[in-house]
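Starting off, we have a lone chain in the form predicted on its own, written out as structure tokens.
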């Protein structure tokens, strides 16, 4: 190839390379232009969306909300406040934008919200809510506290009656799951109703006894000796020695009677170290305790206690129908029945009724739990009452401070009270003579030195007196016809549960 031909080829290559570079630059420029155009478009759309979202100041992250269904231009929520709930609607309109509907639909269940809404009547009853005749049309909604998306249990499952809907695969929540996540479980309408009714029992107890001239007292829970005798006590380290958690306020109630208070009551925790994993036993429960002096006969005490219980039953019946009906939706039961005056049977009559029903038991045998329940059914059939008193228990099955029956030393001036066939109160006339009390303590093998202050309180004049201790959780359980005392204990303690 000549020099001129070589030079010509080089110029052609250079021109080709120059054209290639130019095309590359053009492509890059076009790409940059498209990117800029896209960014400008996105910015424009965002600005447009912000301009279009006229409701942006009506919602945001700043009671309970349960998204039930989502539709294109509206969403339904269920708002709960304590034991009541209501349906709410967020719908696209002059007060809500599409973005606001989307925001509301994505609020996690159990979040705390602040809502401004208009109350509207509905044509068809809303069966799933307690407020069935109205719904809320939401105008503003702000999340005050957002719940985690995954809950340990679903509240709709927790209020479903056992067995209902199992064919469709709908779940219920077992007791351990409820108790392990008690804060969530207590949010259910059923739990809210149970514990509001329980509060009512305490209030009625206090009000009734105060009107009767009783004085409320507070007694020690750390004591030097077992208050009921026996071994069912929790021992606690007390500096360089040991002490016990009180099984009842028994000794101190009596000492207050000796101190001329005449009639006393107290509401407080009671501890029992019984390894009983049953539907009705707890290691810590709330005791409603009564003690009073009487003039002639310990039945004066029985009459005062039964009248107190009747006033409680009446108060619950008249003032807590909403709570009772709420609980009955999940746990159906027959209305609680009681008589005025309260039915009182002697222990020997109860034994005769049980024997007639085929039970084999001795005159001085204590009642077993199955026999108590059977007796409750027999009494209901015969007398149509869920509440009654069993009087004159065998002395051998009662605590050391129980007064023996003057006409038959095998029996005692003691009594239990029952609701739906289960014991809710144990009581008696107390021994108010120091010498007899000492003899009874020795008979029960109780260390006299540990109860010296108690026995000494009867050496300086003590009126005849009696009383009883009521288990609050049992009263609520049995009044509502529930099946486990843990349902009426806010944070139950039993041999296997010490948390939460």
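Please read these numbers as outputs of a predicted model, since none were measured by experiment. Superpose the two forms; the largest set of C-alphas matching within 1.5 Å is the rigid core. Positions refer to the first chain, counted from 1.
This next part talks about the form predicted together with another copy of the chain, which is not shown.
Handout entry: Every residue of 325, 395 and 446 near another copy of the chain in the predicted complex, heavy atom within 4.5 Å
Key = Heavy-atom distance to another copy of the chain in the predicted complex: none of the three under 4.5 Å.
Handout entry: One stretch from 366 to 374, 132 to 140, 346 to 354, 283 to 291 that, in the predicted complex, holds residues within 4.5 Å of another copy of the chain by heavy atom
Key = Stretch 283 to 291 is the one.
Exercise for the section: Would you please decide whether residue 318 lies within 4.5 angstroms of another copy of the chain in the predicted complex, comparing each non-hydrogen atom pair? Expected result: Answer no; every heavy atom of residue 318 is more than 4.5 Å from another copy of the chain in the predicted complex.
Problem - another copy of the chain contact at residue 261 in the predicted complex, heavy atom, 4.5 Å - result: The answer is yes: residue 261 has a heavy atom within 4.5 Å of another copy of the chain.
Exercise for the section: Spell out, yes or no, whether the shortest heavy atom distance between residue 405 and another copy of the chain in the predicted complex is within 4.5 Å. Expected result: Residue 405: no, not in contact with another copy of the chain in the predicted complex.
Practice task
Using a 4.5 Å heavy atom cut-off, state whether residue 219 contacts another copy of the chain in the predicted complex.
Solution key: Contact with another copy of the chain, yes.
Problem - Contact residue in the predicted complex, chosen from 186, 91, 117, 159 - any heavy atom within 4.5 Å of another copy of the chain - result: Exactly one residue meets the criterion: 186.
Problem - Heavy atom within 4.5 Å of another copy of the chain in the predicted complex - the one residue of 331, 76, 195, 336 that qualifies - result: Contact with another copy of the chain in the predicted complex is made by 195 alone.
Exercise for the section: At a 4.5 angstroms cut-off on non-hydrogen atoms, which residues of 465 to 500 are near another copy of the chain in the predicted complex? List them in order. Expected result: Residues within 4.5 Å: 472, 490, 491, 493, 494, 495, 497, 498, 499, 500.
Exercise for the section: Tell me, please, whether between this form and the one not shown the C-alpha of residue 241 is shifted by 2 Å or more, with the rigid core used for superposition. Expected result: True for residue 241: a C-alpha shift of 2 Å or more.
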